[in-house]
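Heads up, the chain below is alone and in the form predicted on its own; it's given as structure tokens.
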Amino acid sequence: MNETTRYILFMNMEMTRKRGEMYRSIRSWLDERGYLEVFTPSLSTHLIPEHSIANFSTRYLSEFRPSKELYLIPSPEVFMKQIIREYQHSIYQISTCFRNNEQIGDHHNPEFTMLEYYTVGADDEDSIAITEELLRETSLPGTGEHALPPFRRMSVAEACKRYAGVDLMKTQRVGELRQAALKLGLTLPPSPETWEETFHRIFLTFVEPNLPQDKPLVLTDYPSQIDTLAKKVPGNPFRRRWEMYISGVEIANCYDEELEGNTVRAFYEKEYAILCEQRGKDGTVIPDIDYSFAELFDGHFPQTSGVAMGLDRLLMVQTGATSLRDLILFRVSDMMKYYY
């Protein structure tokens, strides 16, 4: 063990103690409220296709069976929803997840810890109250006021109007949003990009950096053009989805889960087609797809809201750390040497 590794281990062991304290508190809170903790694989033969997520793949080898490509999970959702369909019960899991092709830095690491909890009988509004209570009652001693409930609330449309001057109701077509981006001084590629891609340019440049940070912020009603397995809001172009920010850092993502099987299958088909197109450009890993996943939503999948929360980031903001580097033991960036 070199001196750099020794120093990092020494400095981060106190964070390791606090991480254990946080996990125990979260587990206890969820257990007491009747959630069942589940344990699902980190390796899978198939994943939910999402073009915004790059995956890690590996290969199972055997002298007795054909070799098989496997994938490190970016989220345990693919397994947890199967349990919900059969068990009809609220569940949670703390799991190690993996996402490829992301920067290694203050807020990102290819390996990270996720808390996912699905509440049966709840919707996205209920999940705001549940998450507020969870953070209030499980936060580490000494957590600053900026990281504690009550939450601020703001819609994505309101945030875009306030911080970028963009009216999402008037920019529903890609050409309209493109013109708004150009007026803001953004440089756009000559070839047309999707509405989602242009929106993210505006959001990441003008909106996200200016979100209020004095309290946790719940950003609600994401544009329906950003396709997810969250229900659409009847009568307007948004989805029943929210994200939570603390100190400007995205911590959690929530859906009122889609329950219609044909919609889930259409999502799979669309996302898989986009992944196939991306592979021709950058070698994107295309995971095997199990279309029978859509059969879970056969009219017997219960009303459910799911929250995915990054526990590394939550630990970071609750302890006042400025980087994930301050709390991860055996960091990938150190093992790879040439990353900093």
Partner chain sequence: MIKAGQIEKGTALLIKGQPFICVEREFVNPGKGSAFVRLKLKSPSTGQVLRETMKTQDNAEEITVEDVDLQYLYNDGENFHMMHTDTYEQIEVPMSSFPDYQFFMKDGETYRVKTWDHQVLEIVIPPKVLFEVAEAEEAVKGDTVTGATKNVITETGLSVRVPIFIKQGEKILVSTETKEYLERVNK
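Residue numbers count along the first chain shown, from 1. Values in this document were obtained by computation on a predicted structure and should not be read as measured data.
Beyond the structure shown, there is the form predicted in complex with its partner chain, which is absent from this document and is the topic of what follows.
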Contact residue in the model of the complex, chosen from Glu258, Asp123, Glu243, Glu176 - any heavy atom within 4.5 Å of its partner chain: Glu243
Just give me the single entry in Thr58, Gln303, Ser52, Ser42 that has a non-hydrogen atom within 4.5 angstroms of its partner chain in the model of the complex. Ser52
Contact stretch among 293-301, 44-52, 61-69, 28-36 - heavy atom within 4.5 Å of its partner chain in the model of the complex: 44-52
Contact test, all of His108, Glu193 and Arg201, partner its partner chain in the model of the complex, heavy atom 4.5 Å: yes
Does its partner chain come within 4.5 Å of any heavy atom of Gln213 in the model of the complex? no
Applying a 4.5 Å heavy atom distance criterion, does Thr228 contact its partner chain in the model of the complex? yes
Is Asn262 close enough to its partner chain in the model of the complex to count, meaning some heavy atom within 4.5 Å? no
Test of understanding: in the model of the complex, would Gln103 fall inside 4.5 Å of its partner chain by heavy atoms? yes
Taking its partner chain in the model of the complex and a 4.5 Å non-hydrogen atom cutoff, the residues of 204-219 making contact are Leu204, Thr205, Glu208, Pro209
